[in-house]
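Next up: a single chain in structure tokens, the form predicted alone.
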Amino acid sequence: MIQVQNVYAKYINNTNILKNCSFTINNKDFVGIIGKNGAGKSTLLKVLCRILKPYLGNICIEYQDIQNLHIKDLARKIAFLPQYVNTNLSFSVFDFILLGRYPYMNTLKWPSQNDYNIVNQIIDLLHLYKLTNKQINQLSYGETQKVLIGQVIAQQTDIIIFDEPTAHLDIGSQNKILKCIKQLNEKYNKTIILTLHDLNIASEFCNKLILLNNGMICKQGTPLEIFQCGIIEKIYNIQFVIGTNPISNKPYLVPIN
């Protein structure tokens, strides 16, 4: 579904952030991008969404170079939820989710009955009934995250990209958000790409990991392949013991003091 070939990217007056990145993401993959702070994770997401244009290499979705797609067509293929979104707005939860239907609205940008129906389905999916008429700037952080996810779902894209969707959430809220995202992947066949700091959460939810360090891809593969290669210890400068979750059979890391 997504092919990234020899991508280099940087910001204005900056050194290279991404260097020679190449990988393929298949339909219905759940991909976690991991690495230390400053590794280039968020930059990679911006390149995938055409927020930042690479100066070398190319990115194709379904064999189409994203640089050649009209912005509205791209918005029908990829939905992106950045880490920081301005929610200090006097929008109701319903109207805020409705904004996700913008790429499908007519020239006058009036929502159709189908747009309203889709928003109602999302409210049902995310159990947001009690929040529907509340102002988004009155919600808790966890509630806001669910509404933001609702807006990207409203775009009805096959690919959804999240930048640190569980940042600043307690462990219970993290689990709820990630289960919701996992449901999009398993039940609704969405291809999910997200950045995560917690390696064990990445192992539990992702079927593929891409490990970045200093803007380069050091390793990609299943969580077990990544954890067993020894490179994690070198990058994070810490020793780990690898265990197995007895319920999910997924690998997890325990740091050694």
Partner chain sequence: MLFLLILNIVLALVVGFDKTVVKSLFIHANKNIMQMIKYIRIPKIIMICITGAGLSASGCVLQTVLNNPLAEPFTLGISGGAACGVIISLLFNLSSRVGFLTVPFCAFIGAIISMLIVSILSSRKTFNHHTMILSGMIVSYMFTSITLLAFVLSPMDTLYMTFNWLMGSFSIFDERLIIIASAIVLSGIILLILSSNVLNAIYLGTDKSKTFGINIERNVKFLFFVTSLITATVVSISGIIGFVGLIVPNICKSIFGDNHSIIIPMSAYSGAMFLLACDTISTMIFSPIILPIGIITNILGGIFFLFLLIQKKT
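Numbering follows the first chain given and starts at 1. Predicted model only: the values in this text are computed from it and were never measured.
What follows is about the form predicted in complex with the partner chain, which we do not show.
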Which residue, L184, L169, V85, I177, has a heavy atom that falls within 4.5 Å of the partner chain in the model of the complex? V85
Of these, 105-113, 118-126, 138-146, 169-177, which stretch puts a heavy atom within 4.5 angstroms of the partner chain in the model of the complex? 105-113
Does every residue of C49, I78 and F96 put a non-hydrogen atom within 4.5 angstroms of the partner chain in the model of the complex? yes
Using 4.5 Å between non-hydrogen atoms, is G100 touching the partner chain in the model of the complex? yes
Would you please decide whether K72 lies within 4.5 angstroms of the partner chain in the model of the complex, comparing each non-hydrogen atom pair? yes
With the partner left out of view, is L131 within 4.5 angstroms of the partner chain in the model of the complex by any non-hydrogen atom? no
Give a yes/no on whether I247 approaches the partner chain to within 4.5 Å in the model of the complex, heavy atoms considered. no
